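Shown next are two forms of a single protein chain, provided one at a time as structure tokens under the names structure 1 and structure 2.
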Structure 1
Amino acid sequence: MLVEAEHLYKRFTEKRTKRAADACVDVSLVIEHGKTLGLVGESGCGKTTVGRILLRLIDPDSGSVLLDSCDVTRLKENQLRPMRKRFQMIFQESSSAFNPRMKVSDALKESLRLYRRYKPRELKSRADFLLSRVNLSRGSAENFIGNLSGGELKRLDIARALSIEPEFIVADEPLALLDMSIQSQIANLLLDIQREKEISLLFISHDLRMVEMLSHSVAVMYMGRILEYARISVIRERPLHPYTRYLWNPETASVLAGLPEGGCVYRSRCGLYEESGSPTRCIRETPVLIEKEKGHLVACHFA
């Protein structure tokens, strides 16, 4: 499934204090059929918001999302519901993504039964197959979801997303909370499924190294803005934006400063900005995402 997002803008406002935060500002991205886009950034930079907007779990303030050239931001909830079998999400907090009073098997059967008809025996074997696919023991099928551990829940979440057989998955930190052996299993599982079914994947993670394994191209986000966007080989070898370089090599202690007024959002932490003696251009002009090389977009004046 071809996913195109254009100029997404979302601002969250706290009702009482009127404090507002821009969760995503002018985010545009393209995920080609059967490819993976990695979305990297620190926590709180709006990665999950982008994922939720793509699946229209929240409405963007402006901008449009085209899934196979169908604008989902303009559909009503009723029109959207039959389409939801084509795109699914793996949630970041799996513990709150399930009704904790259901059994594991019931939760899986519910999602299996949603779009396809199965006979009872097929349903059970299909649920067992999914559980074994994400390496959950068959005995855990009779457990209540509230009794599962964090890692088991994560795997169940992945199993549920797979049960729908979607064409596009937003995987919101699918590998967090898992230990190393399971991490590699799940990563391989995602790769296998992508190869088999040619699904498109938005892979959200804070870990650039993990993204490197799975993605074809990478978008680096900071404070709701995309700072660099390129193929993974380019990001690996020639990261241009100082923030991407920092993410590759995050040893240098950098204090999280607040959002500076106007200009480049990253300048309060930018090494390049300090080296070049605080140029006024960074303060006055907001850098736009420009194609510096072929297929390599950077939002920085001096990169």
Structure 2
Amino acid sequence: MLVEAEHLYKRFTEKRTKRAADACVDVSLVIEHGKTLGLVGESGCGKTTVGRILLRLIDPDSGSVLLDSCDVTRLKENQLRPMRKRFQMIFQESSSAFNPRMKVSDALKESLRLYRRYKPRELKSRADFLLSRVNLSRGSAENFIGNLSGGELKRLDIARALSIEPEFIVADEPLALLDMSIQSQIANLLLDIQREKEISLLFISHDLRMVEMLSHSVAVMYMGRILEYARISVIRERPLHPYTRYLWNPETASVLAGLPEGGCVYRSRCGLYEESGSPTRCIRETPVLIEKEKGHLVACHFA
């Protein structure tokens, strides 16, 4: 395993109202060398928080993240900086990840100067190669980032992530807000890069079609918790948790009747809970992620 996260917990508190929300509760997952883990779930369930914790962009309140058996959550900043060349992020909002007044070539050279030692001529050559790798013309190198289209900006984000040849990339909704043709091109680009460099990916997305195309395994997340975890073929053919079945077949949805305060976080929308006669176990006990079949984990009392 390249990445192993164990029992991650993160709570955010709003400064003005002092209201607290658990963005990540007892999350454990693993990502193998050269493989892709798809992380799916509706907006606000904590997917981006998990991705940022894995890269130490934010610190967990508890839990650990092992990168090749090194716990990055315990490292000090001067110890963490040399490690950062091993992992990168493709941001959901690429427009907020760049200075719009910076030129494209300067944005790529900046990361190369930080983590790789190149001579000035080599810097230009490397930047040109990265642009061609993501199908951006060399002429775009002198463009200002603020003038790029959404698709071009996403490609630049990918090029910067690849610039220092990382082992692990968190791709946070890399295909969002792009038209179908651009989505397919970027998806194929990620597949090609993974085959060539054996890069491990955490692919965060709402698009289940692309998740099936790119991922080897899938973790299903709801209200900060992992509810099901298995190989993509198993999830597609034999999902065990009611929420997973709902994601792949929305016709099974139940009416949302308010957020439960204890027990199973999904019971207010769970058809299985209703069919079973609203058992008190779902109210009193929070189901933990257990292995129902080999390599197939699910957090449901009656899966």
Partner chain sequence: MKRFYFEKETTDRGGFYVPLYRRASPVDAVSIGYGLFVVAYLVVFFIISLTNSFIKDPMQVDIGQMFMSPSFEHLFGTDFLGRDIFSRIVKGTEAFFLPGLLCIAISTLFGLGFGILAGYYPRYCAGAVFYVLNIVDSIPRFIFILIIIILFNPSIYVIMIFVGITSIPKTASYIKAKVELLKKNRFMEASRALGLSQATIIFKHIIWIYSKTVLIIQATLRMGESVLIETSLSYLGIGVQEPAPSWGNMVAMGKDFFFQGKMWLSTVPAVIILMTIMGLYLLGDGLNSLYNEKVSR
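Numbering runs along the sequence of structure 1, starting at 1. What we label the rigid core is the largest C-alpha set whose atoms superpose within 1.5 Å from one form to the other. All figures in this text were calculated on a predicted structure; none of them were measured in a lab.
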*Do you reckon the form predicted alone is 1 or 2?*
2
*asked:* Once both forms sit on the same rigid core, is the C-alpha displacement of residue 176 at or above 2 Å between structures 1 and 2?
replied: no
*Core-superposed C-alpha of residue 119 shifting 2 Å or more between structures 1 and 2*: yes
*State yes or no: after fitting on the rigid core, is the Cα displacement of residue 166 between structures 1 and 2 at least 2 Å?*
no
*For residue 149, what C-alpha shift in Å is seen between structures 1 and 2 once the core is overlaid?*
2.5
